[in-house]
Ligand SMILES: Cc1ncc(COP(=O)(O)O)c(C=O)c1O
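Consider the single chain below, provided in structure tokens and representing the form predicted alone.
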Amino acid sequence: MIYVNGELVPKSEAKISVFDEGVTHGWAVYEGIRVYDGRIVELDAHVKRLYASAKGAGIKIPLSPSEFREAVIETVRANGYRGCHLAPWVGYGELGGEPSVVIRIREVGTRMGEPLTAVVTSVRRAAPDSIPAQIKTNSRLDLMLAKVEAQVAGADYAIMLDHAGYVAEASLANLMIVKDDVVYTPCATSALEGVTRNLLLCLLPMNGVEACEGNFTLQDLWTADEAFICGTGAEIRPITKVDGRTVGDGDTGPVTQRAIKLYETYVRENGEKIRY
């Protein structure tokens, strides 16, 4: 069952106008929200970011944040999924009309901790004076082009640089590296300010692991002791190779393992329990 403009309808009936500016010009914002074992992760943070994205994109969401929050929970309840990924989407609507609100949902398992490979792509992340990375917009062509380049190279993920040549983020995921037991992640200027990223930046220092934001180079990435992606949909997964270079010893490092355990514990203890 998919939420479409105030109604829950079967997937086959989930339709919006082909004239919606979100469809024709990518004028839309969205979120990715995760449910593990009947517990929804950081719902308030996701709703807050959705409304901030919409404000930046000039889209007025026709629901209050509390109404949107309840719509997300009702969508999970209607499907009965205990493990799923939701993708709320708000398109500008037809010119002169109302915005479209859709909440997609699909049942998924977990790939937490599964190792992956990555390549640095030629496609640069949009500059902050072009399309601000803080707006989680439906216009993701730069990330999709990077993803295609990675697929052609036989890698799982693309790593993108910013306009100045610093490491920005992975395709549809944030990136973290570990050097001398310190975790580094790119500043949220040409990278999305991810909910999972922000959560780890809090959880790690609270548990004795130094973590900070800052610019770092390809050399820093290539010579890192560990590297991993993080994101609501991507989860936390170690990168074992970048551009054919083995990261660390080629296995899941101790800091990455710690991050995974902290995140899983947080979900169990702090994830909002859904009453089905």
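All residue numbers refer to positions in the sequence shown, first residue = 1. Quick caveat: nothing in here was measured; it's all calculated off a predicted structure.
Here the subject shifts to the form predicted together with the named molecule, a form of this protein not shown in this document.
Any chance Arg39 has a heavy atom within 4.5 Å of the named molecule in the predicted complex? It does not: once the named molecule is placed as it appears in the predicted complex, Arg39 has no heavy atom within 4.5 Å of it.
Could you confirm whether Pro88 comes within 4.5 Å of the named molecule in the predicted complex, counting heavy atoms only? Pro88: no contact with the named molecule in the predicted complex.
Is there a heavy atom of Thr196 lying 4.5 Å or less from a heavy atom of the named molecule in the predicted complex? Judged by the heavy-atom cut-off of 4.5 Å, Thr196 is in contact with the named molecule in the predicted complex.
Wondering, does Arg49 line up within 4.5 Å of the named molecule in the predicted complex on heavy atoms? Although the named molecule is absent here, Arg49 would touch it in the predicted complex, with heavy atoms inside 4.5 Å.
Among the candidates Ala71, Leu172, Val101, Val120, the residue which, in the predicted complex, approaches the named molecule to within 4.5 Å (heavy atoms): Checking each option against the named molecule in the predicted complex, the one that comes within 4.5 Å is Leu172.
The named molecule in the predicted complex: contacting segment from 57-65, 226-234, 204-212, 242-250, heavy atom within 4.5 Å: It is 226-234 that comes within 4.5 Å of the partner.
Residues Val182, Tyr184 and Arg258 are flagged as a possible site; in the predicted complex, is every one of them within 4.5 Å of the named molecule by some non-hydrogen atom? Judged in the predicted complex, none of Val182, Tyr184 and Arg258 sits within 4.5 Å of the named molecule.
Out of 106-131, which residues reach within 4.5 Å of the named molecule in the predicted complex, heavy atoms considered? Going through 106-131 in order - heavy atoms within 4.5 Å of the named molecule in the predicted complex - there is one hit, Arg125.
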